[in-house]
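Only one chain comes next, encoded as structure tokens, the form predicted alone.
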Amino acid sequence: MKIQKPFITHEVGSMAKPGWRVKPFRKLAITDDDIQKARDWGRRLDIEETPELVELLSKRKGFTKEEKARIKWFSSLYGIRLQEKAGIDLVWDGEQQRVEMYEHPVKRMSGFQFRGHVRSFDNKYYRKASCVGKPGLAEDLHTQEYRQMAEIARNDVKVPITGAYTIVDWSFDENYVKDLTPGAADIHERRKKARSQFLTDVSRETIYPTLKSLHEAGAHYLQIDEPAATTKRDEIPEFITSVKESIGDLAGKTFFTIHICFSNYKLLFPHLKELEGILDEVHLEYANRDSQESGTTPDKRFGYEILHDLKDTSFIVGLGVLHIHTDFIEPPELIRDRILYAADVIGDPGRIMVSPDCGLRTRTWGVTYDKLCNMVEGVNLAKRELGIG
């Protein structure tokens, strides 16, 4: 399912959660500042239901299960309206319904037990699980979540889900390797086989049915997040196979994008070409590696070198134009130049979609909103430069 409209914009997936969204679930009291921020953002985003949220938050603490669910709904509403107000084409709520990208799906799968928290980066942590049996779906991962987002959103909705390889790579394995004997002559081959079976089971038994359920529910844009894709360079072929098994017979029936970030992208080639006709878009991170100087020459846009490897593929290029680990607000002119450089390399504006490098959950909503607004303005500047609508 291809799109030919040039420079469609989207946020990759995650945004920060407001304090008033987090505190009720941590049994912390809502403060005057929390309520004022809910009121201010509601006014800024033209949210008519804000008085209901303010009244709800005025309870301060002791929220019921139903009240917490309503607070989460409001957080989704605010997240979607923020993206729409910024002018984003494909929207999502910034994972307001999820703990984070790993724990949310794994806690809804059978065959896993959580072992404790580990640090991912900065002061961000996630609960790491161990596979103790064959993985399966214990409950719906994202379909009900999508239906709620679709009811709220005025724009098209994109659903991000965590891919099979990342789930496997970020988990301990106590199941598939339990019969391996340390020191056996064929230990490496057997370990590799066990790893492949773990990956196959997650792909076929959890990710494929999730994607199928979302497709049947009407989701037209599905994003597979695979930040771990190049973690082990000798497992790139297994990663490619896991994507094929996750999508299966759904290829061509809806728009599939894969998001890979902060990696040695050279390791993906030529293996990535096996996914042509299966994936529509490949989204990578570029701005993090790039200069902040204006210009459309290679010496200014050195962060976009991997575009030359994507040029001769059939993929739509998901172009990261915002650095997500800094509060630097990229000027529209810088974003324009990054887009123009990519358009020149790829040769077809219809093969480029524009977004931040990754999710913006490490930034405040104020910084996120300003970055996204400038991203949309940068797209408009690039279109005018190229004389396209």
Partner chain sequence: MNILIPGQYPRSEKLVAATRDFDRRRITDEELEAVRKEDAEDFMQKQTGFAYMSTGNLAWQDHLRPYADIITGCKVTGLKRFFETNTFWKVLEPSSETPAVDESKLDEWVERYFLAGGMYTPDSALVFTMPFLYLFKRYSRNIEYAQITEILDTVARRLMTLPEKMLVIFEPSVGFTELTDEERKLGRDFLAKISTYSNTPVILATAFFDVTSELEFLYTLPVSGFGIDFYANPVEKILQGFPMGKLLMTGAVATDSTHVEEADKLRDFFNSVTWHIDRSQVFASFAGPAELLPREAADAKLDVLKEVMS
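The shown structure was predicted, so the numbers you read here are calculated from the model rather than taken from an experiment. Positions refer to the first chain, counted from 1.
The same protein also has a form predicted in complex with its partner chain, omitted here; what follows describes it.
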| query | finding |
| --- | --- |
| Candidate stretches 292 to 300, 147 to 155, 208 to 216, 184 to 192, one within 4.5 Å of its partner chain in the model of the complex by heavy atom | 184 to 192 |
| Contacting member of 173, 274, 309, 140, with respect to its partner chain in the model of the complex [4.5 Å, heavy atom] | 173 |
| Contact assignment for its partner chain in the model of the complex, among 73, 315, 126, 255, heavy atom within 4.5 Å | 126 |
| Candidate site 8, 77 and 81: all three near its partner chain in the model of the complex by heavy atom within 4.5 Å | no |
| Distance check, residue 111 to its partner chain in the model of the complex, heavy atom within 4.5 Å | no |
| Proximity of residue 130 to its partner chain in the model of the complex, heavy atoms at 4.5 Å | yes |
| Its partner chain contact at residue 270 in the model of the complex, heavy atom, 4.5 Å | no |
| Heavy atom of residue 232 within 4.5 Å of its partner chain in the model of the complex | yes |
